[in-house]
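Before any questions on binding or motion, here is one chain by itself as structure tokens, the form predicted alone.
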């Protein structure tokens, strides 16, 4: 276990260095000058030049890059050019909303995708299989922003069942916040639920054709025992991989969802950073998302040891 973790940590360091380089380049190639955006159209060239000097944007890119790497080593993302506060503090203020939304969306996708995928795979070409295939095709073909607008139009505006935007005031309780997050959670979970349904179905179909499943049936075991005790655990390996990786990628997809529903989360912060050319915020958020992704990937790899002992040798 120690060797597996140490090997993964070395890989994580390499990946994060590559990601840091890519993030720095991407943030600098965005058209526009942050000093001009902050000062406005009425600013003079001297005022813009002075502000660029204050922010260190007048230095060569290689100098800015080395300074950026030095900050990352100290886990310091710098100060937002527009907000005037540390990037870590700006992210922390919005983290509760985004994390709550991602957890809710993950739960919805698992509660919807896995059971239907299990039933579809265990009863191939049956009612649930056809229903699951139809829902998968429908869900994969619908853009998330369009689904969000439709849900707002009918469930929030016409029927008044859910709030149109926001997630409650500062004193709002968990029940009120959950009420605000249900529609965004459904929209955010849709691509993951569809993918999870298809992966679970495929994995179950493969497992149900194995010899040990036929042996279990020949012993007279009931369908539920065969599916839950013998088939499901062996079908979980690719399913756990999908759950882990899509949960990490959800933070990136919150950009669209939070914009549609007017949620002041990290996704909305990214949109504002791009519009304002706020390099430190953009770099800080992207590096945080990349870090979460590789950490969750490490956790998924280690879970393989518990789910399937056959892969333990490959993790040494």
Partner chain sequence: MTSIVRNTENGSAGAHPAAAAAGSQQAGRLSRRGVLLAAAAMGIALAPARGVAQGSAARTNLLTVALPNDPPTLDPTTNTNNVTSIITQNVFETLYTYDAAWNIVPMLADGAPTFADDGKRVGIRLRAGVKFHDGSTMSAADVVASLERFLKLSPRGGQSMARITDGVTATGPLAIEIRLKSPYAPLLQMLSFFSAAPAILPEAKAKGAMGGPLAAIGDYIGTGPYRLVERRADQYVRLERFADYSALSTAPSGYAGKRSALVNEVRFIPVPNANTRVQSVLSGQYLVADGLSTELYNEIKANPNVEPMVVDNGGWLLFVMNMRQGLGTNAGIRRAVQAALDPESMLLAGFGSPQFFKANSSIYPEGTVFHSREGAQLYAQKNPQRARQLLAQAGYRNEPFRILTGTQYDFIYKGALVAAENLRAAGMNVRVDVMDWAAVLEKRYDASVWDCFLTLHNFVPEPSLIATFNPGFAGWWDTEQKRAALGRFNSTFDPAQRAVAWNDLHRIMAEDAANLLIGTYFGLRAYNKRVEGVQPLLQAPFWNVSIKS
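In this text, all values refer to a predicted model and were calculated from it rather than measured experimentally. Positions refer to the first chain, counted from 1.
The same protein also exists as the form predicted in complex with the partner chain; that form is not shown, yet it is the one meant from here on.
A single residue from the set 237, 195, 245, 152 has any heavy atom within 4.5 angstroms of the partner chain in the model of the complex; that residue is 152. Contact annotation: the partner chain lies within 4.5 Å of heavy atoms from the stretch 86-94 in the model of the complex, the single such stretch among 86-94, 187-195, 200-208, 71-79. Looking at residue 57, you'd find every heavy atom of it more than 4.5 angstroms from the partner chain in the model of the complex. In the model of the complex, the partner chain lies farther than 4.5 Å from every heavy atom of residue 123. When the partner chain is considered in the model of the complex, residue 64 lies well away from it, no heavy atom lying within 4.5 Å. In the model of the complex, residue 133 stays away from the partner chain, with no heavy atom inside 4.5 Å.
Residues of 30-47 placing a heavy atom within 4.5 Å of the partner chain in the model of the complex, in sequence order: 31, 32, 33, 36, 37, 38, 39, 40, 41, 42, 43, 44, 45, 47.
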